[in-house]
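Alright, two takes on the same chain below, each alone as structure tokens: structure 1 and structure 2.
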Structure 1
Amino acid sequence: MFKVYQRIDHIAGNVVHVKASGVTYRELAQIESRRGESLAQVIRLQGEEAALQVFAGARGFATDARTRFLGHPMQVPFSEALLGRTFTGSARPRDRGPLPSGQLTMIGGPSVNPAKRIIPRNMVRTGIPMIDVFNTLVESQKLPIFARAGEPYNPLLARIALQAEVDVIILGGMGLKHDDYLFFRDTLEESGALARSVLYIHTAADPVVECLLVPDICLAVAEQFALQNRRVLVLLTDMTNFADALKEIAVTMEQVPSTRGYPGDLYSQLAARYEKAVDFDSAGSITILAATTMPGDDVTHPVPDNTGYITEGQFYLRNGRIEPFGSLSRLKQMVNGKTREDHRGIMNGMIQLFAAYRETLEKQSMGFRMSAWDNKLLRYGARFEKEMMDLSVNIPLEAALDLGWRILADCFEPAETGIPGRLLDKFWPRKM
């Protein structure tokens, strides 16, 4: 029923041009070449010519490839039967299961009316003091993990996912190493969480451009679950691969790059995805945790930089630990006033002292004499790193706060901590 075009006029990178009529912007097409089939999407219309990005890549395409326009933008089927399943980056089964059926949902749909959002109010407990105490994670938050390639960001994502009390977990892999995919799958399976998870996995072996679909598919499915009152956690790893795929298309389309070759709309593109995180007025929620690897460990690189301006904070993973500086949960104050009354006092006091400790370390490395105060800070810093920062520590928030007081009392006089007197009076541990 749809028109088929027998000729491709122009091939550059993973973009092809076809002379066609009646084509609509962002419409999907199926292209059949000698090499096989691929989905493609209209990304520009000019007169009689449509430019399409080819998700499976245009390598090996010939001008006689057949293009069949499908008359609609990308859609994914949605139903409860998705739970427990694994798909590719373009939503085909990866697990030898049946083709999914269900109500078709458009991906990349409109954004939520801000008037229908509510203020996030539920803490997500992780058992990790660097998160629970210092940068509390909140339901409906969008938060990336900034890390150099090689840091254990995927295990951290998996750990938070398993610890968090959520109804549905959706994992979107972009350029995921096959081992990492298996790690996620096995971890979810062993803990019994696979049955409430859906996986959309684009691996490093798949065509690069195909990963562009992953965040939109995951979030469209997440939205459907959230509208049915579920608390959904979406894990996206690695968003830098997504941004690089955007860059590739932009370069092919000869767009004027802004910084380091990335398109000028990188910010809007990323925001369109991250802003899908939401706590609905009278329905469920979507929380997004994403890995963003930093090329060259450089946070000013356009991908982490734009991401930081969009997300509600970030966790810096460095040397296998969550760094207190730079790490930030912007939503923490929505919940940390209601946990325990000393939460904020401990959070601010301990971090300011840790900042002083880092300065002392610097002085020490320059060979300066350590004052009595410096020595206190050194003792404190060592304990903080070992008992709070180490990712193997797994204790509830309240235990972590108690531990904080103990460390402070072992190292300092009350007035040295900068913590409000009211809290010192109440919580400062009595000396034995």
Structure 2
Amino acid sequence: MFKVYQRIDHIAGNVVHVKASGVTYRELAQIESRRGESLAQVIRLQGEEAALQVFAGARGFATDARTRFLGHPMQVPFSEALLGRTFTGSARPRDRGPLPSGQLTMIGGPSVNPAKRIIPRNMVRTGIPMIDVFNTLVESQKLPIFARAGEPYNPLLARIALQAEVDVIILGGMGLKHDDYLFFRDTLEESGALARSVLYIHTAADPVVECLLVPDICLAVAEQFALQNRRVLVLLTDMTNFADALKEIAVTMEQVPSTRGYPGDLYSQLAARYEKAVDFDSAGSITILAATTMPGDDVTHPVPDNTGYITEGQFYLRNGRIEPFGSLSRLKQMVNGKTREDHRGIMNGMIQLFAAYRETLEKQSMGFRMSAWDNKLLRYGARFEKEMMDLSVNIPLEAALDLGWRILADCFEPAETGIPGRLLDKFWPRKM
């Protein structure tokens, strides 16, 4: 039986308070008012009072509105028919297609039992050298992309969606501008990648509570695909908008604020989503890449700061490139020794030389005279930035390793690279 209550005690913003008993946290409710029916979710229980966040906003509600609790949390339909579709943050069709049908899956459930997980062991190829060669993405990894406002993190995610060697892409947008939503949709559609993708998009004009639903819906659907032995890549943008939505609701609920006004459970809220990354022992996998903007380019801001304690490394996006210093994939050692024999040698040697190039740039800016070695480093650094770091470069891992050898051979003598002799003997390009 549904529990029905005939009166709302009071309304604060988009949160309504109802005296109710026997309801549960995150349970859904249908509120009937003069403007029609609206869906809401229980976000706090205090004694006999339940606070409900109204998805479409509480404007126009009166205290005589009728509240009917549905007895279950938010659920999302799952079926193969989701592929190629675009939905809102509350899983309603955004592409004017039919309502989704299929098995109902609860969102926001617990993380996968550790006994069902296996140690990450497979590389996710993206065609981007700064990822594949230097900070390899691994199946079941959870990685943020830290970037300040204005950096091309959404185009980078779109590139990865097009090129990643996975079975299914789940894209979750939070607080996107409408132009960004159209960019993702059109890019995937024009390339043919939309057929293996599902998009859940919350725009800045949509109700704030839907922003909070996006990661949970994406991860619930991803888990179902993974249980069908699919390799799933979940792309989320922007987790700072997700955290700001948490803060907005916490302010409405008059919760005691923590650092910079964010709720005290920010770490737990972020971890509950990131920890859904998994490689099943007898099925597929879920890998998570999440863009996280840094207000003021401040990595100590609460959102990136908390994220760094949860995830297995990070990518820093600066000046339109993945920065090699600061970016880190903590799981890359699990796979880059299994790709090609020279992978680690090229990775370590090229980054060490690039660090020397950066030091040479500082010397040059201070007016020091450049030595022959400095000139070699300047030539090398310019080529590394153009041919390896530029995000427009799109080549397979093996071609990227071969390119690395050619750049080294054009700029240095073999002994100057610091790469082990056995690799030099086998891979150093022979001059014709």
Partner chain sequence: MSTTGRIVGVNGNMITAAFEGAVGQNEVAYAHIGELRLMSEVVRIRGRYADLQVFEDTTGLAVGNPVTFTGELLSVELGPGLLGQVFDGLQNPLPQLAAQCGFFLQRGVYLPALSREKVWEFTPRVKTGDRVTAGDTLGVVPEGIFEHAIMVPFRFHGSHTVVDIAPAGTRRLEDVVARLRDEAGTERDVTMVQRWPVKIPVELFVERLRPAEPLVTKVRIIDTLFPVARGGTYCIPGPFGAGKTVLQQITSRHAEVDIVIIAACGERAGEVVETLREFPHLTDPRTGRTLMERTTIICNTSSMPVAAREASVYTAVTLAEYYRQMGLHVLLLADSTSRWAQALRETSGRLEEIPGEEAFPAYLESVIAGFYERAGLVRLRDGRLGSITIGGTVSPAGGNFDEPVTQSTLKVVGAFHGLSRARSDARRYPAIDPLDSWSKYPSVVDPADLALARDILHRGAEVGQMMKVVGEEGTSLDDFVVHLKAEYLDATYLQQDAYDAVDGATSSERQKAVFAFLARILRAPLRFADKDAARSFFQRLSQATRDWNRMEMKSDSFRDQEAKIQALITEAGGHV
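If you're wondering where the values come from, they're calculated on a predicted model, not measured in any experiment. Throughout, rigid core stands for the largest set of C-alpha atoms superposing within 1.5 Å between the two forms. Reference numbering: structure 1, starting with residue 1.
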{"query": "Chain form predicted in complex with its partner chain: structure number out of two", "finding": "1"}
{"query": "Large Cα move at residue 27 between structures 1 and 2, threshold 2 Å, rigid core", "finding": "no"}
{"query": "Core-superposed C-alpha of residue 80 shifting 2 Å or more between structures 1 and 2", "finding": "no"}
{"query": "Is_shifted residue 355 between structures 1 and 2 (CA, 2 Å cut-off, rigid core)", "finding": "yes"}
{"query": "Displacement in Å of the C-alpha of residue 404 between structures 1 and 2, rigid core kept as reference", "finding": "3.9"}
{"query": "Core-fitted comparison between structures 1 and 2 - CA shift at residue 415, Å", "finding": "6.5"}
